[in-house]
Every structure is written in structure tokens, then in C-alpha cells.
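Shown next are two forms of a single protein chain, provided one at a time as C-alpha cells under the names structure 1 and structure 2.
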Structure 1
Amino acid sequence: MPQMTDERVRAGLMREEDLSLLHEVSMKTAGVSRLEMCIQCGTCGGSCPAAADMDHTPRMLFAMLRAGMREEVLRSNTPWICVSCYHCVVRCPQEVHIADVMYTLKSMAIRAKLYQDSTAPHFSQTFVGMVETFGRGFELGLASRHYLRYFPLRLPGMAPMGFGMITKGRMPLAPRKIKHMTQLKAILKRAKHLELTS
């Protein structure tokens, strides 16, 4: 039986390890995640500027992965709170690619429809849709759609900043496609195919 540290007890990890979920997440993560190398030191949570808002620290989440707690992991807000600053990755003594694992968990939660709040998944899907259409993000369209859907009362307060960005040429009024969109579409199509077959 695994050692009952305070972190494991708080996560409800009283059962034997079931590494199938950990291996699944590791295999679905781009590159080499090194997830199985986590030694539960807590450096990730201690380095994270957003840890106070997470329902589980990354260390606890990885312990839950080891215990095969699929639903609890995918319902966690931790991957959605992660700001991808990579402080945890830089400071991890085992070089675990924590931020990349968080992207994988977000993707798995969306597929399983186990996320608790649709704000972040919707934002992510809108951004991906714009990249697939234009080859890049379109900030004005993304922000407008997101705020109209989730925070309509905040839009008037955002107007001065948006106007300043537009007048200084920092944010275009209309989306612009990149050159060679057919090549990007071929790359994205191949990536989706590899994701489905892996």
C-alpha cells in the first residue's frame, strides 16, 4: 500500500495504485511527459502563482492519477486554473512537463464532458476554431465572443483598453489569414489523425 502522506489522505487516496490512468495521460501528452517520474515533492504547487485557486495542487492531482481516480481528476479545476507560466516545469527536480500534462487533462475533460464550468473550454474551443480558420488568433473576435457570452456587463469597462489597442495598431478590427493556409490545414489534419490513432 502506498505511504499515507497528508496530501494523499486529503485527496482520499486510500486504495492501491492503479497506474493505467497515469500511463494513459502520459501517452496522450505531447512529447515526453516524464509524469511517472513525479516524486511528490510539492515544488510544483509551491512554485505556482495560481495554486491558491486550485482545488488540488499538481502534486495531489498526480497522486490521484496514480490511484486511477479518472472522474475526480477530470472534474478538477486545476488544469483550467493553470496559467502555463512554466514555473513548475523549470523548477521540477524530475523535469516533469507539468504544464503539458495540464493541456492533456483539459482535452480529456472536454472529451468526457467532465469539466465543471464551460467558460474555459468554450474559450479554448473558440480560439482553436479561429486558428483553424485563419491560421492565427483574432483577439477582437475572441474577446468579443467570450465576453458577450459569459461577462456581458464587463464589456463597457473593457472598451477604453480595446479602443486604445485598436488606435495604436495593436489589435486589428478584422481577422487576417496567414499565407499557405492549405499547408497548415494539412498539418492540423495529420495531427488530428495521429491523435485518433494513438
Structure 2
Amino acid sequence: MPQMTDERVRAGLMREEDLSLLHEVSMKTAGVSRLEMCIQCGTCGGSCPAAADMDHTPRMLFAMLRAGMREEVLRSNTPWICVSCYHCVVRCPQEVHIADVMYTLKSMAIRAKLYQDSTAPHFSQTFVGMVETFGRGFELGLASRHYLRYFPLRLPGMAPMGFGMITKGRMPLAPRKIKHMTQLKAILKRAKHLELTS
């Protein structure tokens, strides 16, 4: 195996830094990912309600990780299609933290600017932007920003829903803000620094 990967590096099929992709993903995942333990049984893909829309099943994606296919992995839509339903997680015989690995891959794809699907990262980033500004979620701000940018054609179909939500008092027009925003900002600033330096 090591010899084979060496050969692949020499043949230009694999880069030096890809050798440790599996390890890198595992290290960046919260908790103990157990990614190395995957036995390629396919239970995850077979349990996944969203598999039909994924470029790769989780099983396939993990094989690609092991093969060091960094770019292909980070371009895959799979982590973005994952709905975090944890079906695969409770069924995986090796107890791989599959859903958490998907979160790691999303953050790596954003950082490497390799994500292929552009709406999901925008949604996550807009959401996080709201939280970092107000400390609380703001559905209306999020919805209008995200839909205007990516789903303008969906808006007419959604307008009655948005209107219903507003008239029934389920969608406040202004965000709520927490009191100690400076405290939260200080925490997040330190956290981001730690993220980059670790």
C-alpha cells in the first residue's frame, strides 16, 4: 500500500500532501471520527434518504478520501446534500461519525474554495453572518437575502407562505439582538484565531 501510493505520487496521480488527507479530515472532525475504521460495507449509502441526489455515497466518498483524491472529494456535492439525519450514523457497524465528517468536509471545501454547489455555502455563510451580528437567528433577513440571490423564480410560489408566516406572527420583521454581543464577539474572535493556528 505505501509503495503503491508512492508510485502514484511519482506518476503525478497524487500529490505529497494528499497522502494524509484521511488523517487531516479525521483530525479536523469534532470528537473521534473513526473514519479510519470504515470497512466499505455500504450501509451508510443504503440508509441515506438523500443518496439519490448525491454525487457520491458516503461510502464512496470515504474511499476517495483514503485514496487521497482531495480535489474530487472537496468538489463533491455529498456533504452539502447531507441533511444530518444520522440514519447512517446509528447503523454504521464501525461507528464512524459520518455526519460530523460531512461538516468537516464542508468547512474544508469552503476554505479551499472548491465547493461546486454555490447555494448551500452561501446559505450557511449568510446564516452565520446573522448570528455573528445579532447573536440570534433572523429568518426573514436570511430568507430574503438567500432567495433573492439564488431562487428568485421560487419567490412567487413562496410569497403566500412568507405572507402567511408574517401575518400569523411567525416571522418577526426585525432581528432580536442579545445583550452581551461584545462578549460573544470576543469569544468568536478568539475561537477563529484558534481555528487558524491549530
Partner chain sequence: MNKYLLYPGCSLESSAKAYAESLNAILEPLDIQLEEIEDWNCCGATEYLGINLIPAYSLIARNLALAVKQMDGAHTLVAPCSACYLNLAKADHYMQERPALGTKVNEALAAGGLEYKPGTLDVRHLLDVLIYDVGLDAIKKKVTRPLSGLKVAPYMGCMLPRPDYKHRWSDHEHPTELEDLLRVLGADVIDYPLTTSCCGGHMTQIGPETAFELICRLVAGADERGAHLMATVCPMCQLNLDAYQGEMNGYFGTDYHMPILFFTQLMGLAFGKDPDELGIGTELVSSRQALMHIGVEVPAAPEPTARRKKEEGLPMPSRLLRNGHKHEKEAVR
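Take the two forms, superpose them, and find the largest set of C-alpha atoms that agree within 1.5 Å; that set is the rigid core. Here, a residue number simply tells you its place in the sequence of structure 1, counted from 1. Because the structure is a prediction, the values reported are computed rather than measured.
The form predicted in complex with its partner chain appears here as structure 2. In the core-superposed comparison between structure 1 and structure 2, the C-alpha atom of residue 176 has shifted by less than 2 angstroms.
In the core-superposed comparison between structure 1 and structure 2, the CA atom of residue 191 travels 2.5 Å.
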